[in-house]
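Before any questions on how it binds or moves, here is one chain, the form predicted alone, in structure tokens.
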């Protein structure tokens, strides 16, 4: 069975980067695909990948991660400044991040306006 777990922005916003990463990795190691409201910071994303690489073993094959920016690219100058200020104060709520185990996610395709997620049939894998 494929399990998706939605995590709203507010659930992680008060956590330190280290705690966010621990929580996300714990969920992904349970063979769940995380749908995260908002995006991780650049440092958080690279730290998540680094921690994942350290934890790879026979049972855990790593993660697939991709984010989608829902911001309009053709905003007026003052609207861009306003958005930057709001994101600085409140965090980047715009967008979505998908994180899942590499053993389940076959491929994530990203277009400017959408993400397509292709998964492996886990039942076939277990029969082998």
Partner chain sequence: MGIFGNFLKKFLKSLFKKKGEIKLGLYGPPNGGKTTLANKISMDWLGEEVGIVSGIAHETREIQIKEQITIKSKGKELTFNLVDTPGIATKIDYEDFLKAGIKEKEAKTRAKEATKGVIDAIKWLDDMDAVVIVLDGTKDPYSQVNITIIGNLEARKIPVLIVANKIDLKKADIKKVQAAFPQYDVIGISAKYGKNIEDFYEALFKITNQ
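Numbering follows the first chain given and starts at 1. Quick caveat, the model's predicted, so the values are computed rather than measured.
Just so it is clear, the following notes concern the form predicted in complex with its partner chain, a form of the same protein that is not shown.
K.L.:
Residue 35 versus its partner chain, in the predicted bound form: is there a non-hydrogen atom within 4.5 Å?
P.N.:
No, no contact at 4.5 Å.
K.L.:
Is there a heavy atom of residue 27 lying 4.5 Å or less from a heavy atom of its partner chain in the predicted bound form?
P.N.:
So residue 27 does not count as contacting its partner chain.
K.L.:
Should residue 45 be classed as touching its partner chain in the predicted bound form when contacts are defined as heavy atoms within 4.5 Å?
P.N.:
Residue 45 belongs to the contact set for its partner chain.
K.L.:
Against its partner chain in the predicted bound form, would residue 94 count as a contact residue? Criterion: heavy atoms within 4.5 Å.
P.N.:
Answer no; every heavy atom of residue 94 is more than 4.5 Å from its partner chain in the predicted bound form.
K.L.:
Using the arrangement in the predicted bound form, list in sequence order the residues of 42-61 with any heavy atom within 4.5 angstroms of its partner chain.
P.N.:
Sequence-ordered list: 42, 43, 45, 46, 49, 50, 52, 53, 54, 56, 58, 61.
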